[in-house]
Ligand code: ADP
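Before any questions on how it binds or moves, here is one chain, the form predicted on its own, in C-alpha cells.
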C-alpha cells in the first residue's frame, strides 16, 4: 500500500488529504501536525475548519485510510510521498520584511524529513512558496541524506475557500513540477498516478519546478488584479453615475475577458492574494525588475484604497462622524461559505470605524467572538504565524460587541455595513431592521448583496459599491 503523509493540518493539507483518501481507498493517508488542539479537532465531530462537504468526507474515511496524528516523525518515516503544507508567512523583520516569505517552517520540515527518513522519498511542495524554494529544499536534503534519495516536486494548490471540496473533486488543472531527469520524471509519474484516479489526465499538467512554483503566484496575482481593476472602476462609476454591475456585466460578455472575478466589493481578502503578490513583488525586486514590482504593488494599493474609501464613505455620510454611534457589521469572514478571516476586509473596515470611536455590533454565522477579537488585536501578518507566536489573549477592545443574531446586531444601530456576501443576508426582513434602527438609517453594502431600490423604498439611505449614489450622498465628500 502506498503511504502518503502530509505535514500541516490546515486549510490546504486537511481538505486535500481527505479528498485523496476518499478517491484513493488503496492509499493510506496520514495528516500530521505538532498542534495537538488542531489534530484533536480533526479527530472530533467539530472539525477545525468549515468547508461545505468536508465533514462527510472526513467521517467516511477517518480511521480507515485517513488518519490525523501528532506523531509527525513516525508517519514521515513510513511515507513514500510526503506533502509539505506548512506556513510560509510574510517576514515581519529582517531582509525582505513585509514582502518576502519566511521559509523557517519549510526548512525545519526539510531537516526533520532528512533526520527520520530511512528509504527514498518524494517530497511535494504544497504550500505556496517563492520560486526556487525547491532548490533550497533539495540542498538541505542532499547534504543530510545519509544515503537516502529524494525527489522534490511542486504541486501548488488552486483551491477557493467555500468551494474547496468541489475544486478538489473537479479541478481546472492539477499542476506537477519536477526535475527533467529520469528520477525526476519517475517521481512526477508517481504523483500523477495518484491524481489520475479521479482527475482526467488531460487536466494534469507537468512542468519544470520553477514554472510550477511561479504559476501559483501568477494565478493569484492575475485574479487579485481583476478584483482591483473592477474596484477601481467602481470608484469611477460612483463619480459619474454609472452602475458597476452593468459595466462589469458588459465587459464580462467579451469572451476574451470573461465574467469571473469582476464583482466589485469592499476589497479582496483571504490567505493568499496579498501574501502572494507581496512575494511576487519581492522576487521582482531581487531580480532588478523594479517596473514589474511597481506594477504588482499597485494591485495591493488599490485594494487598500477600496477599504479606506468604504470607511470614508460611512463616516462622511453620517454627518462626518460615527463617534458614539452603533454600527452593525454583518459578515466578518473574507467571503461566504467559510469561517476564514485571514486578511478579511472587515478587519480594516472595523479598525477604521473603531478609530473614529464607533460602537460596533458584529454578526457572522461562522466566525467566533474569540477569532474576531483576536483579528482586531493583531498586527499585520501576525495571523500567518503559528498560534504560539500570536498574541496570547486578545487586547480588550472597547465599543465592540459580537452577537449571534442579525436583528440583535442591528437593533438601535445608526447604520449597518454588509461585509460578507452570506446568502442569508439576501432574505433578511429589512423592514423589521429599519423599524428598530435609529433614523436616518444607513445601509453600506460592501458586497452589492441587497436590492438597493427596495431598501430605499423602505426608507434606508443606501450606499452600494459602484452604484449610482443615493440623493443623500451626492453632496457628501467621498473622502472624509
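Numbering follows the first chain given and starts at 1. The model shown is predicted, which means the values in this text are computed figures rather than measured ones.
This protein has a second form, the form predicted together with adenosine-5'-diphosphate, left out of what is shown; the following refers to that one.
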Legend entry - Option touching adenosine-5'-diphosphate, based on a heavy atom within 4.5 Å in the predicted complex, out of 86, 409, 372, 176: 86
Legend entry - Partner-contacting position among 320, 401, 108, 323 - heavy atom within 4.5 Å of adenosine-5'-diphosphate in the predicted complex: 108
Inset, instruction - Considering only heavy atoms, tell me if residue 33 and adenosine-5'-diphosphate come within 4.5 Å of each other in the predicted complex. - result: yes
Legend entry - Contact label in the predicted complex: residue 91 to adenosine-5'-diphosphate, heavy atom within 4.5 Å: no
Inset, instruction - State yes or no: in the predicted complex, is some non-hydrogen atom of residue 10 no more than 4.5 angstroms from a non-hydrogen atom of adenosine-5'-diphosphate? - result: yes
Legend entry - Non-hydrogen atom contact residue 38 with adenosine-5'-diphosphate in the predicted complex at 4.5 angstroms: yes
Legend entry - Heavy atom contact within 4.5 Å of adenosine-5'-diphosphate in the predicted complex, the stretch among 133-141, 292-300, 78-86, 357-365: 78-86
Inset, instruction - Taking only heavy atoms into account, state which residues of 340-356 are within 4.5 Å of adenosine-5'-diphosphate in the predicted complex, ordered by sequence. - result: 342
